[in-house]
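Each of two forms of one protein chain follows alone as structure tokens, named structure 1 and structure 2.
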Structure 1
């Protein structure tokens, strides 16, 4: 009698599932038999021990805007294949896709009690959201690294399916999860610390056992000497946009920001403005958008002569799940625009 193969279900977005591009981003979850797209490469890398018995596809936009519903729908489709493991992606640096991959895998682990893993670029917002709960194989920032990613994914999948011990992130190729495990070392900690110190003093290579976090440090500008002569601009990551969201800023994992004219506008009314943000209850922001972008208060200060003027435009994006790389790019572009316009200070609001 032939030995039973492990059963795997693969989650893909509409693009890698070969349904379509952004025009199909709002499709709800659907299931197909067998492997599709990147699944064909995974199938080859898995070899005879495991087979991809089904693929579940969902549009990135649909999932981002309906996370709980989409996750539940996806799980119902996954259950029908009776899998031993769920794999998602790779998502590379696609923020909405990465968030969906993480949500699907966590749900598989919690609801179906089976292992799951995904793969994405280190700066994908899905990494920060799910790395403590999931094995996330590290990839490049685009599909150009697909060939390198799939064998690493397959190797880790097989270890999980066999119930084998998973090694260090550097050995297995996954992103560090911030989990510490006790091991028996050949030298006591004091001796290892001295060895590292000696290597550092000599300029020799060494690997720290406790990598330190890296933080951006930005030197603050000098204070404004006279606010009565200052032009103040409004910038928000709270997603306030003109009604209808003309720039189609995404509710999660934003890839753009908007610049909107408020010359002559004293109040951001509910009729003319709304929030595009998908990470908080929009009710209060939609009822009075000034709660997120306080134009009404700045106009009062302007009339009272406490500031010279409010800049004629405000800038808006969505901070929900937006990648560090995109955030830095938005900030640099907005700052350059404000600098060229002679703006003295920015009031930056969130949610």
Structure 2
């Protein structure tokens, strides 16, 4: 009996799937047997061990506008091929395509319990959305880098199919997922740190073992002209929540924020509020949550007419090991909400 080949399904957009250009961007998912377009190159790079048994094609516009439906429809088609792995793209710097590739791969991992892999340019919005959950091979920003991308994708696909361990992002060519792995090093940390310092002083190249995240810079907003006319909101990363933490905000590495109605509340009491934060001694905040979210004095200032009003809700998350990506997303969502509500300024308190 011939040895069984691994079965691979490939996801492509309407353009790489050779259906058409932007005029065909609204086609729903459809399946084809075998490899197609970039799948031909992938097939060659995979060699005899794995076979692209089917290709699912969906228009970028259709996917972006119906993410949940399109993902479900795609999964139905993928499932029929009974694959061992799903590969998507490469999407290069195409944002809708990259997002679709990420959504399809994550769904394959979660629903079909099989490995999945995609490839795109580092600045594709799909990268930030999915890099934590997926192997995303780094490509150039256009299809000109197809030839370099396909062999890297094929090599990583074969490793995933064989169940081999996956090496460092730099060696394997995928975008770092932020996963820390224990390894046996030749020298203890102190010696490695001194080696790095010596190299730095000498002006020699060295590689940090813990690269710092990159933070945005935002231009400051103009000041409030008349505070007596201003609506002020309270936002905190100190984890103050109603007692019992109804939204189950995590004590560390928060994945969400809460929005809590304080209309008519004069003071955050220890009976009604507490902190969910797991990164500082909660005694003081639990005894008097105003120490983190100063509602009591802001209400006084409202009564005295120093400000027009306190916004009816405060927002809270836990800033304890919470990823920059999550924090940036919370910030954007909260800011959008505040803008729509006509809030003029925010006191953001941090522990």
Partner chain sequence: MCTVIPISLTVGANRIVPTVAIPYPLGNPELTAEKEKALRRQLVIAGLQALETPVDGQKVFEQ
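No experiment lies behind these values; they were computed from the predicted model shown. Numbering follows the first chain given and starts at 1. Whichever C-alpha set is largest while still superposing within 1.5 Å between the two forms counts as the rigid core.
Only structure 1 is derived from the form predicted on its own. Relative to the superposed core, residue 280 undergoes a Cα shift of 2 Å or more between structure 1 and structure 2. Residue displacement note: residue 327 has its CA displaced by at least 2 Å between structure 1 and structure 2 (rigid core superposed).
With the core held fixed, residue 265 shows a CA shift of 2 Å or greater between structure 1 and structure 2. Taking the core as reference, the C-alpha deviation of residue 219 between structure 1 and structure 2 is 6.6 Å.
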